[in-house]
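We begin with a single chain expressed as structure tokens, specifically the form predicted alone.
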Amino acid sequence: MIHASAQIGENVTIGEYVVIEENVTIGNNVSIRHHVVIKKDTIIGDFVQIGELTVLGKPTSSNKKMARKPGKTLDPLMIEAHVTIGCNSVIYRDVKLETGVFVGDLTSIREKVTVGEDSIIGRNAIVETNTKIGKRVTIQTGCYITADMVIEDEVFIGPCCSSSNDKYMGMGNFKHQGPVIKSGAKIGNNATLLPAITIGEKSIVGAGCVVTKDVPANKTVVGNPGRIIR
């Protein structure tokens, strides 16, 4: 089903059982595979590839227990040129994927997120709300990127890294703030990053490390809790 108000460019390939809602804009040379749902107002640039069973521009929802209600008014999802999105992914409204971004299969990206040019969001990764990801960042398979996080350019995050933004786990007495990872830092697989810490420029966090406090630039931390090695 394609809504009459949708604007579709030239040389667009559309698979079977695709739903394109009202006011969607699709550029030229776009490939949309089977069973994709593109929600209203979504903007898609040229040469974008979208895998099967993916939902783009999903609106938010909540219940009465949720401490942070999503905004009622959110900007459309914007996907720039040459972006590739895998199968079974869900990307919400008010997300911007800049030119050349790669999103793996089974990935979820929540609202109010920006992903910079040529970055990679790996398979089965989760990116929560209000997070900024810089250019040429690699986030590998199975990572949990918490809300309110900042990841600067050229950062590498290994598989299954986990981060958090609430020091007291729902008690309501901590301003939500995820980790800040500065440019060029590298995070090993299965590392755990606690709320509101800063990982300095070009620093290294070893595999399995639990980082409980700030890491200075150009340092390496290992262990639980993380400690600097010389």
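From 1 onward, residues are counted along the sequence shown. Since the model is a prediction, treat every value here as computed from it, not as a measurement.
The next section is about a form of this same protein that is not shown, the form predicted in complex with a further copy of the same chain.
Complete contact of R93, T114 and S183 with a further copy of the same chain in the predicted bound form (any heavy atom, 4.5 Å)
No, none of R93, T114 and S183 comes within 4.5 Å of a further copy of the same chain in the predicted bound form.
Listed residue (L74, M78, L106, A81) with a non-hydrogen atom within 4.5 angstroms of a further copy of the same chain in the predicted bound form
Of the candidates L74, M78, L106, A81, L106 is the one lying within 4.5 Å of a further copy of the same chain in the predicted bound form.
Should A196 be classed as touching a further copy of the same chain in the predicted bound form when contacts are defined as heavy atoms within 4.5 Å?
Heavy-atom contact with a further copy of the same chain at 4.5 Å: absent for A196.
Flag E52 as yes or no: does it have a non-hydrogen atom within 4.5 angstroms of any non-hydrogen atom of a further copy of the same chain in the predicted bound form?
Output for E52 is yes: heavy atoms within 4.5 Å of a further copy of the same chain.
Just checking whether I204 would be counted as a contact of a further copy of the same chain in the predicted bound form - the rule being heavy atoms within 4.5 angstroms.
Yes, I204 sits close enough to a further copy of the same chain in the predicted bound form that at least one of its heavy atoms falls within 4.5 Å.
Since only the chain is shown here, I'm wondering whether P216 would be in contact with a further copy of the same chain in the predicted bound form (any heavy atom pair within 4.5 Å).
No, P216 stays farther than 4.5 Å from a further copy of the same chain in the predicted bound form.
Do any residues of 1 to 17 have a non-hydrogen atom within 4.5 angstroms of a further copy of the same chain in the predicted bound form? If so, which ones, in sequence order?
Heavy-atom contacts within 4.5 Å come from M1, E16, Y17.
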